[in-house]
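To begin, one chain is listed below as structure tokens, in the form predicted on its own.
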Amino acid sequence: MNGRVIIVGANQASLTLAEFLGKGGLDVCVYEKEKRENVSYDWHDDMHPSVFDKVGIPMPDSSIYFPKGDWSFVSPDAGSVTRIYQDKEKVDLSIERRKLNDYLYNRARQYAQFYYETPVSGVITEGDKVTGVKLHDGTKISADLVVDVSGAQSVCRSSLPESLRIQRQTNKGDLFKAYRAFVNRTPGVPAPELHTNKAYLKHLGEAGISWCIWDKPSDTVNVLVGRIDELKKQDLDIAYKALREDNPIIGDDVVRGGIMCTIPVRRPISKMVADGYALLGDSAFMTIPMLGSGMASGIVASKILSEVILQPCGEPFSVENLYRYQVRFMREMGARFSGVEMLKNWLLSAPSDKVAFLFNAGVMSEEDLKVSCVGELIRLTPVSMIQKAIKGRKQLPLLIKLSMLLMRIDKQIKIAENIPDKYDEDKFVDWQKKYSKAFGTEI
């Protein structure tokens, strides 16, 4: 196959895509604004090992990952701590992001050209077709396809013409602002035996989470404080102090990290493609909304996109062909993520005492939390409904609201899965409006 593909960004999804497309005979160029050694966060994140087998990439060396511990969720009033014992076959690996990047880069560099420290400032368009990119120094480079993997606040996406009906800017509630640091374990303080991975929901009554995780292999403490949209320094200081009081293992010295980051925590974007253009990874909001984890979904999506391009139905870089990628992603995981966002939004907006009751009374069960953490949805069976009704009888109006929410979530997932099979502008716009309606936005 002939054609030039420009990939903007050099993260895990980008590198995977570059390898696949380069192997397929395309001329692939990757542009990244950072130095190669600085791409990706300098810490580990979670991903299930089955992802490598799913996309056909060998597992990297075991030195760059370790099995993740079970989460323990602390209710907003700290009245209960619920530990979820994840099924063995579903346990994630904590993978070092930069080391994974190195592994994927060493595979992809055989098939693609890489330009680090070369920021892109936007895309070039002719009418409704993307024809290339403009570099920060003003240089224009043409391409048959631009794949935007430059992050949630993408300069490429923001430069698109409005006529494409692709959301250009983020909305309120789309982003999670977080401080993350890896610190030493306080000398003389023993490591926790049971609750090694503690997550605080609506920590201190705020719309967000905090966590304290003991990383056994390195004997460091992984600390995060995050809030939706904004994290003020005074709020960070208060939350961090509260974490230290509850977790005396948190030491004084930052080993690595210690920075603010921005993570998308919303449903996938309603339109991922146009003529000569495709969104991938965080640029398309592919993270699990409950926790902001997106490595796995981005890598799987890169495999889907490569198959759509290399096995085209018609012109490979047309919106009609690229649209098949969005349909597959939405039906495989994106539809489910849109439902998870609805649950996340409800939990963060509900009064803290109401959310605390759901946890303390056992209405929000270990199983409910287990499935939500991996991007799956809570399902109510007749038996589980009876069990929740018994546990939540003191707050029946709240339980009714939760039940109605779960029904709306199920409806949202069905809407998302019902994306039109083939690209038809009128039918797609109609679906796009239905998909976004539950979140108060048109696109």
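Since this is a predicted model, take the numbers as computed values, not measurements. All residue numbers are counted from 1 along the displayed sequence.
The same protein also exists as the form predicted together with a small molecule; that form is not shown, yet it is the one meant from here on.
This chain lacks the partner; the member of 149, 221, 272, 108 within 4.5 angstroms of the small molecule in the model of the complex by a non-hydrogen atom is 149.
Checking 55, 398, 416, 39 against the small molecule in the model of the complex, a heavy atom within 4.5 Å turns up for just one residue: 39. Residues of just one listed stretch (289-297, 317-325, 241-249, 183-191) have heavy atoms within 4.5 Å of the small molecule in the model of the complex: 289-297. Although the partner is absent here, residue 410 sits far enough away that none of its heavy atoms falls within 4.5 Å of the small molecule in the model of the complex.
Although the partner is absent here, residue 336 sits far enough away that none of its heavy atoms falls within 4.5 Å of the small molecule in the model of the complex. In the model of the complex, residue 21 stays away from the small molecule, with no heavy atom inside 4.5 Å. Although the partner is absent here, residue 261 is a contact residue: one of its heavy atoms lies within 4.5 angstroms of the small molecule in the model of the complex.
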